[in-house]
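One chain comes next, on its own, written out as C-alpha cells in the form predicted alone.
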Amino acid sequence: MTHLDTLVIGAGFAGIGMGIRLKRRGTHSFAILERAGQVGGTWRDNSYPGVACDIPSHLYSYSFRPNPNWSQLYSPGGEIWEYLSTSAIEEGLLEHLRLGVDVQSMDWDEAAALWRLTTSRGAFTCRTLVLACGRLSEPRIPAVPGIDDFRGEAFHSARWTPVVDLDGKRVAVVGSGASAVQLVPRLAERAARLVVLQRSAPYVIPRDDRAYSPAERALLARDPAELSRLRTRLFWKAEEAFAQRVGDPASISAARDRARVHLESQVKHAATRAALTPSYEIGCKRVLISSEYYPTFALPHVVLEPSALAALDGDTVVTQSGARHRIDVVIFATGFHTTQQSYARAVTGRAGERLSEHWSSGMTAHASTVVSGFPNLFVINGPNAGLSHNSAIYMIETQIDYVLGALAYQAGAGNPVLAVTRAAEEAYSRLIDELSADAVWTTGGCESWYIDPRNGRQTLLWPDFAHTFRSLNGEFSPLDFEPDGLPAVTVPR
C-alpha cells in the first residue's frame, strides 16, 4: 500500500501541468498514474500522418512554460508530444510518474477521509484525487454489421498502425471530422484508391500556417516579454471567434462567407462542391482548418461518398445510400466517447454512488471541476470545461489554479474534507443551460459530440468567452462547500 497526499490520473496536458505546478510549489507527496508507457495523452495516441494542432502553438502550450522554438504557427503532433515529454523531464516529474499503471477502481473511504485505489501495480491511498484523464481518450467505432468479419485491416485513427502497408491499397476513411481532414490528403499520396465516407459535411476554413524563421525564434528566446505579448495577441484574436457561436449575425455571416469562399475557390466541380456544402449553421459542429482537404477530391483516385457507413461485407464497404466499395484497409476517423467517460465507472463516492451513475443523465460539476457526493475529487478537462474557439490549455491552467487553491485552503484550515454541495452543482448546471440556450451548438441544426444524446444537454463546452471562465472559476472559494463560511486562500501563480 502506497500513500500520497495527491494522486493525479493521466499524463497528458492536464496531468503534466498539474504535476509541474505541484512540484513548483514544493509539494513532494504526489504521483501521476498513467496507463500507457509514455506521457503525452492525445498527442501520444494520435500519430496518424498529418496530425497537427488547430490552435496556434504559442497559445497551445503552458503559460508557465513558454516555448520560443515552435517550428510553425500550427505545430505538428510530434512536436507537441516532444514538448510534453521534455516538460516532464526538465520539471523533475520522472520521480513522480508511474507509467504502465492501469487504475481499476477509485473508492472514497468516508471513515478514513481518503481515496483508495486499486491498480495493476498495487494499491494506493490519497487524500486528494485529481482526474486528468481527458475527453479524447476512448476511440469510438460504429457498431455496424460485419465489422468483426472484415477481411482487410481496420483500425481507428487514434490507434494508428504503421505496420499496415497503405501503398497501392484501396483505403476507406470513415468520417470527415478534424482527424479526417488532416489524414485524407496524406492517404491520397499513398493509396491507389481512396474512398471518404462523409455522414455530414464539415465547415472548413483555410489553414493559414507558416514556419517561424530562425530570426523570429531567436527574438522570442531572447525576449520573454515579446513571447508573452505574442501569446496575448493570439489569445484575444481567438476570443473574437466566440461571437460566431452566440448568434451575432455579423460575425456568423463573416465566418460563413469565409468558409463558402474557401470551398468555392478550391472545389470547381459543382456536384462535389454541393456534397461538401454543410447543411447546418457554422459553429454548430467544430469548424475545421485545412488548405489541403478540398483539393484532394479533385484527384482521379479519390472518391467522396456522401453517406454514412452501413455495413462491412467481406472486403466491401457498404454505405447507407447502398453504394459498395471493395476495400483493403478501413480507417475509422469517427471521434471519441466524449459525453460518457469510461473512467467514471471506476469512481465510487459517498453512499456507494458511482460517478457514472451521478452522470447517468449527463455530466455535471460545480465550476466544471468538483462533483457533489465525491469529496476531495477534482476533474480537469471534464464537464463544460472545453472550448470550440480558443485554447484548451488556458482552461486546463484555470482549473489547475482552482485545485491548488483548494489544496492551500485545506492546508490552512487543518485539512478538512472538501465536499461541494449539490445545490452549488445544480446552480452551475443551470447557468450552463442558460448560456447554451441560444448558442449555435443547440440551435444550429446539427448533431455534434458536444450534446449528450441521453438528455440533449450541451455538457462539454464552456458556453462563453474563455476569459469569463477564468474570472468565474480561476480561484477556489469554500462558500459552496460543506461547511460554508470560511475564507478562501489565494494561491500566487
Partner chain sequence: MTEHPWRAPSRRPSVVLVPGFSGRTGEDFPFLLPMLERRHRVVSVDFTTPGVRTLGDLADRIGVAVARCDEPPAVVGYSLGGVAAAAFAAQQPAALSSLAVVAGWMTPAPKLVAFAGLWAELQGERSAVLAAAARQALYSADGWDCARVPRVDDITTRLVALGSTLDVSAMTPGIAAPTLVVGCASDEVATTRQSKLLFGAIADARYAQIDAGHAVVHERPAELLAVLGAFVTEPTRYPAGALIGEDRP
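These numbers come from a predicted model, not from an experiment. Residue numbers count along the first chain shown, from 1.
Here the subject shifts to the form predicted in complex with its partner chain, a form of this protein not shown in this document.
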Fill in the blank from the handout: Contact with its partner chain in the predicted complex, heavy atom within 4.5 Å, among 155, 74, 235, 280 goes to 235
Problem - Among the candidates 95, 189, 109, 240, the residue which, in the predicted complex, approaches its partner chain to within 4.5 Å (heavy atoms) - result: 240
Handout entry: 4.5 Å heavy atom contact, residue 434 and its partner chain in the predicted complex
Key = yes
Practice task
Tell me, yes or no, whether residue 263 is in contact with its partner chain in the predicted complex, where a contact means a heavy atom of each within 4.5 Å.
Solution key: no
Problem - 4.5 Å heavy atom contact, residue 135 to its partner chain in the predicted complex - result: no
Exercise for the section: Determine whether any heavy atom of residue 208 comes within 4.5 Å of a heavy atom of its partner chain in the predicted complex, and answer yes or no. Expected result: no
Fill in the blank from the handout: In contact with its partner chain in the predicted complex (heavy atoms, 4.5 Å), from 222 to 230, 415 to 423, 378 to 386, 344 to 352, is stretch 222 to 230
Handout entry: Heavy atom contacts to its partner chain in the predicted complex at 4.5 Å, residues of 106 to 132 in sequence order
Key = none
